[in-house]
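One chain follows as structure tokens, the form predicted alone.
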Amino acid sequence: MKQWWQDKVIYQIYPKSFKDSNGDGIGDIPGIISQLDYLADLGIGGIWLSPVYASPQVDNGYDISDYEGINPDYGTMADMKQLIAEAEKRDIKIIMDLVVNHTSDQHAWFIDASQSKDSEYRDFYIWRDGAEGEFPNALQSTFSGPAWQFDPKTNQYFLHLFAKEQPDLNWENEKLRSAIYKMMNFWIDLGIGGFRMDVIDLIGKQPDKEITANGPMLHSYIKEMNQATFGGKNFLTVGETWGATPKIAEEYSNPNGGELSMVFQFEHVTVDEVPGETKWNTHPIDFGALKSIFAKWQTDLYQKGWNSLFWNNHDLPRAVSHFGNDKEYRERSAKMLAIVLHGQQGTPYIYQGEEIGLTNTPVTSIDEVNDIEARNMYNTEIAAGKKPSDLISAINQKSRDNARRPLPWNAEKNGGFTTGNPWLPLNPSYQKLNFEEALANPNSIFYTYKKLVELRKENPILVDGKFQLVDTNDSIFAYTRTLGGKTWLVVANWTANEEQLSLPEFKLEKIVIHNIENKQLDLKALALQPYEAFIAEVITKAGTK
């Protein structure tokens, strides 16, 4: 059965930074509603909404205190219902962020659980014995330091794989799982079109064995979830799975497997990280390795599962700063990245502002940093004797604040994001780099994205075509998509240098999209300009289009 998400593009909104409607400096649901026509113009079919639930905001909403309540900063449940309805009028479905590995320590379950070992909610969380200062084991938090927090009231430790204010849920408890499924059905009944599942590969953890990701019960839990909630519905489910391999992803996303639609895997976005070290320790991107990763995922999952396609999200640097050239070739390299990604098989995701080429925002001091992960890393490394300048450099490259800055809608004060003081300063470039400017320029990055969204809707070859890597040097990524006697060729120069390429096995039929206007293409002798990219319909030597 064809699923609604297979020929659509999903747009991720980070609500806090999207659009503020009431001048309090924080983006909100009415602000999102006010820009739905913009998103409809872009052509997207779904909005992945980062958490808008009630939350103390220790981790910007990924610490949920009430799954069926809306954070007052973002609006009300009535606003949420209006967003679902208004999006549906524009043929856009809302995909809620499902955070069920952990809750906030302010959730009613945890407040009750922490009062007494006899609480009916005690086993909704993971508790272990241990004297204060003597941790149950060596598990570490993603946000630095031990993953165990001592609770003096009951003289036990609780597990938190993220901030100490984010206690982990105990998925071994059947009552907990039933409560989660009931909550999921609450949202499904409101008319949403999908769930993005935060760190879903951690729910099968076995902390006593120090197993966090991909625990032995993980797929059993997801199958049970599927049957109890979204199974049998034309419903998008995408799991955030940092440790997934193609084989693991196939298990999640096999159409007959009764689990999920697809997963987010992160092999390509961590290609610049030093193996075995934290994300803050990087080396220059090996584009040959990056190309191989894409080819592996495209080939291994073909007709066995489904890929998600993305360059960035709320946890990652801005795409053009990470993989492209955010200075003299910002526009062309951003278009190149879009063409390379959207030419592949899977469901593409656009992170807010990516479609106009927003860039990272450098800081000079830790005082300018909001991101709890970056701040914790900085404090830990300073205590270990690291140089502040080196740490700030790493933060500028990898901090989550880069993606979380408020959006610049126009050149007015604070980019038209708010009439008040924004919760986080905008990138200072907003007077030149904003949505109004992009929409007014027919050659802007925005229109490349709009064209790519449209091409996927209108051309089954982008949805179902077989991927084949074309042999080139590491500076060039070239591949074909083939379906029903038709072949499309995708070619991209990853670098700021001119690159030569000869593809005499292909005859050019027509250019589908190109990031350099009015340039002729000779496939026998291509002189690719810096960051040049195109998709072309071709005929092969064997006569197959």
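Note that residue numbering follows the sequence shown and begins at 1. Not measured: the values here are computed from a predicted model.
If you look for the form predicted in complex with a small molecule, you will not find it shown, but the lines that follow are about it.
Among the residues S253, Q352, N71, Q166, the one placing a heavy atom within 4.5 Å of the small molecule in the predicted bound form is Q166.
Taking a 4.5 Å heavy atom cutoff to the small molecule in the predicted bound form, the contact residue among H268, K451, R330, R400 is R400. Look at 105-113, 146-154, 311-319, 298-306: in the predicted bound form, residues with non-hydrogen atoms within 4.5 angstroms of the small molecule sit in 311-319. Using a 4.5 angstroms limit between non-hydrogen atoms, E373 touches the small molecule in the predicted bound form. The small molecule in the predicted bound form comes within 4.5 Å of no heavy atom belonging to Y53. Within 4.5 Å of some heavy atom of the small molecule in the predicted bound form lies at least one heavy atom of K279.
The small molecule in the predicted bound form comes within 4.5 Å of a heavy atom belonging to T142.
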